[in-house]
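So this first bit is one chain, no partners, the form predicted on its own, shown in structure tokens.
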Amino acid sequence: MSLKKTVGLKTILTALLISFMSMLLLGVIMNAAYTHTSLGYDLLKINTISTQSANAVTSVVTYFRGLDTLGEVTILFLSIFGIGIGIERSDRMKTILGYDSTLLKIGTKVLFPLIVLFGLYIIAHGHLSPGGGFQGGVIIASGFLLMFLAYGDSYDLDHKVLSLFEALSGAGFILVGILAALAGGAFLGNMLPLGVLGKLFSSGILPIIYIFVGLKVAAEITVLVEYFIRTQDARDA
């Protein structure tokens, strides 16, 4: 069978055109001259002075627009809360997506603590490198997804501990903002020493906020995964 019959000449030409346009756009972006009047330039200029964060994205997410981030995690919580109400649940849901595989179980035992550790690393280093609370939280939740797939109904998630983490992290986020305001600054403003740029203990309250965000996202996404992977009772109702 010829390549033309397998893929199609039109598909090949379309892929080549998209690739050419993508490379052209990338070249334009990389060679673009940034003006001193751009908002991005202004943010980068004051980033080091204001936050001492090596990751400017973290500064924007947790400092310059911290209220937006608080709103985002609130929306995430309300969305998952709504999903939980919308799904009719019995006292114990059944796992409808699981694999009785010895290899998967052994692999999960090895990978689960490493995935959680990696997620915590991403959260803790969000002010130094790409990543942060949202990304690290989802990584941690993916570890629990593996547990659901490998062990099915034999894996019993402790919802009391999960709810405690979710509640404390949300309250901690707001408490940090209130303490910052009481310290004489703005809500979610910095009240701690900025430290040295590039060091783990730097950037003031930014790492603390990201830790709370990461734990909250991890707990909520884990619950969301369980809702969608254990809904047999609701479907049979």
Partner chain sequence: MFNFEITALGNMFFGLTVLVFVSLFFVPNKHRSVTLYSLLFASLACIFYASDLITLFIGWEIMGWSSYFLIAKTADKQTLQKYIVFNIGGAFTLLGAIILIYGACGSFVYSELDFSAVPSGQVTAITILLLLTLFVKSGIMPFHYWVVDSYSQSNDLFSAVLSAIISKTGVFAFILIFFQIITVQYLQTPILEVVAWLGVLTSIIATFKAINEDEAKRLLAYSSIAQVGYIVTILSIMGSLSLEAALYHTVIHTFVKLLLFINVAAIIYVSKQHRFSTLGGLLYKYPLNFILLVVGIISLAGMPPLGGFSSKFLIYTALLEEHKGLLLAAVLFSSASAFLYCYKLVYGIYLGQPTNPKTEAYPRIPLRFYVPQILGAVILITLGTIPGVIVPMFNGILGSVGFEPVLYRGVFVLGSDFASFNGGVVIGAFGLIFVLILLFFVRLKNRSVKPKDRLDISYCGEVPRADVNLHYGYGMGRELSRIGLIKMILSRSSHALWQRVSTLFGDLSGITQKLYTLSAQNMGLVIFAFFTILLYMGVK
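Superpose the two forms; the largest set of C-alphas matching within 1.5 Å is the rigid core. Residue numbers count along the first chain shown, from 1. Every value quoted in this text rests on a predicted model; they were computed, and no experiment measured them.
The protein also exists as the form predicted together with the partner chain; that form is not presented, and the subsequent description refers to it.
Report yes if all three of Lys10, Leu17 and Val28 come within 4.5 Å of the partner chain in the model of the complex by some heavy atom, otherwise no.
-> Every listed residue reaches the partner chain in the model of the complex, so yes.
Threshold 2 Å Cα movement between the shown form and the other one at Val57, rigid core reference | It does not reach a 2 Å shift.
Any chance the CA of Leu26 moves 2 angstroms or more between the shown form and the other one, core superposed?
-> Yes, the C-alpha position differs by at least 2 Å between the shown form and the other one.
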